[in-house]
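First comes one chain, alone, set out as structure tokens in the form predicted on its own.
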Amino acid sequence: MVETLPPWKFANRPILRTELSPRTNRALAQPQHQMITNNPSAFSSPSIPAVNGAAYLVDGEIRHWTGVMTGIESPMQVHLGDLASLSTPEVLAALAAAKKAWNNGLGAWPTSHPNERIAAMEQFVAGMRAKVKELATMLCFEIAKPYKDAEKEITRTIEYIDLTIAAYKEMEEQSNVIKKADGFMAQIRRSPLGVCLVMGPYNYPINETFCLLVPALIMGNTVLIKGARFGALTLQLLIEDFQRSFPAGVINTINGKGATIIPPLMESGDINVLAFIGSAAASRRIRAPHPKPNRLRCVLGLEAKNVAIICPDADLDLAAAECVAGSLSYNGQRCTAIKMILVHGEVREAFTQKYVERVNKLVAGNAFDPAVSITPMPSPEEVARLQSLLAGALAAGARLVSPGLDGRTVAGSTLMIPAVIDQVTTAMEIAKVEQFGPVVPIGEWTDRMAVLDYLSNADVGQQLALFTASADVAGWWIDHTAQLQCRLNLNSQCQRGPDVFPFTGRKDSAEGTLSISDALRCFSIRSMVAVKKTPANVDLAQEILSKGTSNFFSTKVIL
């Protein structure tokens, strides 16, 4: 479905803004014509930040690839540059550097005092603070995230690093205690796991990548980091900061086609931790070649099919507002997005009208326009996948709620107008798979046990949004869904934050827990020094502590 419209223009040329005109449920009113305006004065597009896509960091050295390069095109129809597509020898050299820095746990980084790792991280984040605008601009160009959200992603990541440092200090201070039991003294700390392969997602290529990278590094692991398919150029802007802040081999960057460069890394058996955010199917493919699966720790943030349940007594204005934000923020390209809305039959029509009215107030267009909230999809393939999923739902009996919200694209671009459909049953594919885009299915329920069956049979279990004003109703849903998902959001959209809260999922939604303190534990293991309480051992332990001869068995204050 392609709408014939004037060409969409970008950069310093006139920009097309597509504003979705107000409509109501088609059963109640006829749609108005869509309003299209060229509005070059609404905002200005900045220049593309200069980035060297051929650079990659290995063993503390910034190297320059002279082989195959992959052209990176912005969803906003601008060529952004070229990115190195490394081959197997280059990525294995990066792995060798990480192994050398790890050195079976004897390397300078894993054995360093916590103060040293904190100092390195603080140096890095200082460099990142100086690049907020540059990073946000490239992020906006690369994945068409609205600029205000792109900037928020960068500043939130900086805040996450600060909070992680604070949590690490607290963890270390709590570990300074010498425990005594049954004639023994012991100090228990957390120690690193080894070489980590970190792979973040395209929708949050900085924030979610760093939610894996930062705790892995600060706990003393060494890292190979691969940028996401969309978002790797933004990460390239930080290579010099990585080099300047961390010892050689502690962090190494690789780029290229995942199907080519990841299997050799896993087949080596030298990856100790796989830290990956993406689909469950992709995670299975990535870890399958590892010859020692029992030695591979996996920290995974995977897919979700988060459901909003609208009860008869819900505040429908609040529910509609939260569901629009939850389902269509950044085009619905979030694992925490609301991807299915189930509305009680008594209020289905009223809720749907309020929901559609709010969707029709959204503005679609160039990501640098401050008024825009619907932006281009990252690739034509993503658009085709979504439109195929939509067509399948319509063929199975779903209905477009409004003829204007039908998933069409603006000619010559990947800007996809949201599609809102109702009469969706839980047996349809659209109700089972994660759409990860601006297609919103609405279903009706009257039997709450049928809703529980739907949730129970799902392959995923991350979050639920429940809208009700009744304590009795809320209590029932809480008690009957706590074993099916990991977070219930009462009268609010599904979301990740605050970052101090645990972020995880059941079934195929996650492995491990990501929050500030939980992530530190995910990338480490409990280790201890035990001392039998004999006079000689007590004297020896006191001498080790007083002289500071060990960084692990230590009661030094963390500054």
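The first residue of the sequence shown is number 1, and the count goes up from there. The model shown is predicted, which means the values in this text are computed figures rather than measured ones.
What follows is about the form predicted together with a small molecule, which we do not show.
Asker: Under a 4.5 angstroms heavy atom criterion, identify the one residue in Q495, N52, T513, S524 near the small molecule in the predicted bound form.
Answerer: Among Q495, N52, T513, S524, a heavy atom within 4.5 Å of the small molecule in the predicted bound form occurs only for Q495.
Asker: Which residue, R229, K99, R156, R287, is the contact with the small molecule in the predicted bound form, using a 4.5 Å heavy atom cutoff?
Answerer: Filtering the options by heavy-atom distance leaves R156.
Asker: Would R334 sit within 4.5 Å of the small molecule in the predicted bound form, counting heavy atoms only?
Answerer: Judged by the heavy-atom cut-off of 4.5 Å, R334 is in contact with the small molecule in the predicted bound form.
Asker: Given that the partner is absent here, does E303 sit within 4.5 Å of the small molecule in the predicted bound form, heavy atoms only?
Answerer: Output for E303 is no: heavy atoms all beyond 4.5 Å of the small molecule.
Asker: Should F503 be classed as touching the small molecule in the predicted bound form when contacts are defined as heavy atoms within 4.5 Å?
Answerer: Within the cut-off, so yes.
Asker: When the contact criterion is heavy atoms within 4.5 Å, does N203 count as touching the small molecule in the predicted bound form?
Answerer: Because a heavy atom of N203 falls inside 4.5 Å of the small molecule in the predicted bound form, the answer is yes.
Asker: Given that the partner is absent here, state which listed stretch (203-211, 465-473, 162-170, 452-460) has heavy atoms within 4.5 Å of the small molecule in the predicted bound form.
Answerer: In short, 203-211.
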